[in-house]
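Single chain ahead, written as structure tokens, the form predicted alone.
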Amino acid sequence: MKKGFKVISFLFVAFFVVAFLAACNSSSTGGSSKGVSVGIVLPTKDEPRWVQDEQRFKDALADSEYTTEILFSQGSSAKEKENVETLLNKGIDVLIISPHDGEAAGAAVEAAKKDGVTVIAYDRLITNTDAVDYYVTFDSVAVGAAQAQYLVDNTNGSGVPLYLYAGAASDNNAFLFFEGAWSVLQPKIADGTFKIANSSEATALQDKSELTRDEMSKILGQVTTNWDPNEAINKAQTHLTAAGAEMKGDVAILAPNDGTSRSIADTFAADSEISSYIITGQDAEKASIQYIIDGKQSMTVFKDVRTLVKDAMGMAVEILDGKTPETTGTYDNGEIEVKAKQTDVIVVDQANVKEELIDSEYYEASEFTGL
């Protein structure tokens, strides 16, 4: 009888030990102490903007109980989906993703939603899916409008050759940027201030103040850079070779971002028939700030990614804390109206570069020459 009691006691002790160890193991992989709380997928490491974002995201959670892991898709939708699956296997509660291709990313975020993960589209909207909960963004239409307004404000005379360039057709933002730019440029094309130099599709539509998505697609098909500086060089060289003397001289150039702007600027500067050019940019990349100081790039649209990162990570922490994030508007992604938090943009040129980028401690003065 005593022997049987000892066996039963041992079994009870063994049971409680196993239960205790299981509970410990569960607490290390679940809740706020799990391996990864917030998964972040960024489009590429080949652009300075995204590399800077990586560190800023890490810094944003440095004093938090939550953890993050950041993966890069390197311009591949297949890699992007694989990255999301990797993060889902690590038990994330929130996914922040800036898609390489807004529509192709739908499959990846739908997998996240099935796992009960909250999806935040970061800087680029994910389209044609209902599996997006929030969108943190700069006002992309305002970016394009600001670029175009700079060209208008700094152009003299009439019949000024206008060269149009755009981002990747796979990126919804490229359409929003172009939409904003066209809203400002089209009236000035219609009144003869500008003459389109490098897009027959844009010329055919120059009397339309508002373009459909399909109409913009036709224009982007001719002037896309795919966000690739080398492709931008090739496009610019092709356009300049085809252009007659009447489309040279003093010109205006709508360039979508800083990387392509520098490439296009260098190409135009090398053409002896180009007397001068005004060219836009976006992202306030360090190399382009030096170009602006040197007079080789006219302006950039400064999107303070410190604020955007703060907004995105703040939203993620609110979700992890069981709160409902605050939003400022919505974006139609083709399937649903996605709740969005928008961040303002700032135009930077030689006149205010020190105030906006040095005095604000975004960059240090020692990083530039001739400031």
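Residue numbers run from 1 along the displayed sequence. These numbers were taken from a predicted model, which means no experiment stands behind them.
Note that the form predicted in complex with a small molecule isn't included here; everything after this is about it.
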D283 within 4.5 Å of the small molecule in the model of the complex, heavy atoms: yes
At the 4.5 Å heavy atom threshold, is Q297 in contact with the small molecule in the model of the complex? no
Is the gap between W227 and the small molecule in the model of the complex 4.5 Å or less for some heavy atom pair? yes
Q147, heavy atom within 4.5 angstroms of the small molecule in the model of the complex: no
Would you mind picking the one in Q186, N173, T118, S263 that has a heavy atom within 4.5 Å of the small molecule in the model of the complex? N173
Given the stretches 165 to 173, 109 to 117, 75 to 83, 88 to 96, which is the single one in contact with the small molecule in the model of the complex, using a heavy atom cutoff of 4.5 Å? 165 to 173
